[in-house]
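This document opens with one chain alone, in structure tokens, the form predicted alone.
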Amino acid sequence: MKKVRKAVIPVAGLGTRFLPATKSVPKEMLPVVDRPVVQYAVDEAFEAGIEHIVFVTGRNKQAIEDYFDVVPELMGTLQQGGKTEQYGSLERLLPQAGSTTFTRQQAPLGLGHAVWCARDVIGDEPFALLLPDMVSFGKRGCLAEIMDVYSVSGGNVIAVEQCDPSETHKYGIVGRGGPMGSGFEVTEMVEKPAPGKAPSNFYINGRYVLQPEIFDLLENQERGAGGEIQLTDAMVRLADSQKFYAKPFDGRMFDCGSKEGFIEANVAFALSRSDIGGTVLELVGDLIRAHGRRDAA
């Protein structure tokens, strides 16, 4: 069983659901409280023991690469102004030199193609995959929980959560088999099953540990839903020869690719903060009461 040292974070999406903001700002740079969405994925990866992160980018994503670099003018101004706390927080967020790689997905051909673009950097190793739109909220990061199962099972491990059975047609759903550590063996994977046809209500939530053989399958994977190369389609093929396991996440994922999920994440993370949580709770309460009065009128 090889150690999982590298992670892929695809950041090439256009973010059309957040236009006009994403016309000039990458969607991954939109802030949840005071950190960009992509920072949460990076923090989660390093917490889980990842040593090197591969960002799969696209055009107009230079801001992401700049964000994970030193800004001498800003750091100098903070230092000269005696703002040691802010200086220290920015310094701690910087990845170590040489621990990140940026590669281009030159055409919007889907998640499977984005993962395939990282093949030469990953090489013949298992790797983690984190979809940055999905922001992990819990005592531990979701990827760290997956690693716990991987250390017992090997193979391929995906994180899952439960949805209402009436909504299984919106997600990639897995079938539940026998137990494996704190997770279970996956018996099947179905992308957006027809109503009433889902094998369970466990949906894939955007965190994976995959074996490198997935790259060979992605290279000749036919286009699927939306005319794109779908990762799930290749995973289904890989499951013919390798085991897949699932770990139900003990926390919660917020889908920051949707406006509702993005707002929900901002509220949840703000409420959890000791410095602003109490104030935000009062503000939210005031807004709810004001909204109720408007409805009554």
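Remember, predicted model here, so these are calculated numbers, not experimental data. When you see a residue number, it is the position in the sequence shown, counting from 1.
Keep in mind that the form predicted together with a small molecule is not shown, yet the notes after this line are about it.
Just one listed stretch, out of 193-201, 119-127, 75-83, 132-140, contacts the small molecule in the predicted bound form at the 4.5 Å heavy atom level, and that stretch is 132-140. Of the candidates Leu218, Leu111, Leu210, Ile146, Leu111 is the one whose heavy atoms come within 4.5 Å of the small molecule in the predicted bound form; the others do not.
Highlighted residues Gly13, Arg17 and Gln105: every one comes within 4.5 Å of the small molecule in the predicted bound form, counting any heavy atom. Of the heavy atoms in Lys27, some are within 4.5 Å of the small molecule in the predicted bound form.
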